[in-house]
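Below, in structure tokens: the form predicted alone, a single chain.
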């Protein structure tokens, strides 16, 4: 039985709230939104034995065919070892191909295959439907505000990565 006089082991029975101006409501909304945003792709990926890291790699390779391994590492902020494992699985499954760089033979460029493109689109469709449903009532101004808000959540020195992504076709 723990010593009740030792306050480090005494259970706290009230929820933390409004501590130092922490916005718990928005933090929790991000958790729940992310949980639901990733739920459909997670179920699809499980059929392949893949996880969220595979999804991220597929997404960015499909958005930027020819992306180098170094550029992908910079976007994902993961270790070479983590990427190597995930990339090997995606290559072995026929979703991505890796080619030597035309100027620097040490560089490895990544391209989706038709199979990889189809999977990336299948994963993005339910996420896109969820986003469109959530944006229905906001209008163009609401969308612009949300895009600005989400971009502002990214570290300022990394926002150029967002600007480098292909823009939507009008």
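These figures come from a predicted structure and were not determined experimentally. If you superpose the two forms and keep the largest set of C-alpha atoms that fall within 1.5 Å, you have the rigid core. Positions refer to the first chain, counted from 1.
The form predicted in complex with another copy of the chain exists for this protein as well; it is not shown, and the discussion that follows is about that form.
Q: Another copy of the chain in the model of the complex: within 4.5 Å of a heavy atom of each of 44, 70 and 86?
A: Judged in the model of the complex, none of 44, 70 and 86 sits within 4.5 Å of another copy of the chain.
Q: My question is simply whether residue 80 lines the interface with another copy of the chain in the model of the complex - judged by any non-hydrogen atom within 4.5 Å.
A: No, residue 80 stays farther than 4.5 Å from another copy of the chain in the model of the complex.
Q: Wondering, does residue 104 line up within 4.5 Å of another copy of the chain in the model of the complex on heavy atoms?
A: Because no heavy atom of residue 104 falls inside 4.5 Å of another copy of the chain in the model of the complex, the answer is no.
Q: Is residue 158 near another copy of the chain? Define near as a heavy atom within 4.5 Å, in the model of the complex.
A: Result yes; residue 158 sits at the interface with another copy of the chain in the model of the complex.
Q: Is residue 32 a contact residue for another copy of the chain in the model of the complex, using a 4.5 Å heavy atom cut-off?
A: Yes, residue 32 is a contact residue.
Q: Any residue of 94-126 with a heavy atom within 4.5 Å of another copy of the chain in the model of the complex counts; write them all down in order.
A: Sequence-ordered list: 94, 97, 98, 99, 108, 111, 112, 113, 114, 117, 121, 124, 125.
Q: Is residue 17 one of the residues whose Cα moves 2 Å or more between the shown form and the other one, with the core superposed?
A: Shift at residue 17: 2 Å or more after core fit.
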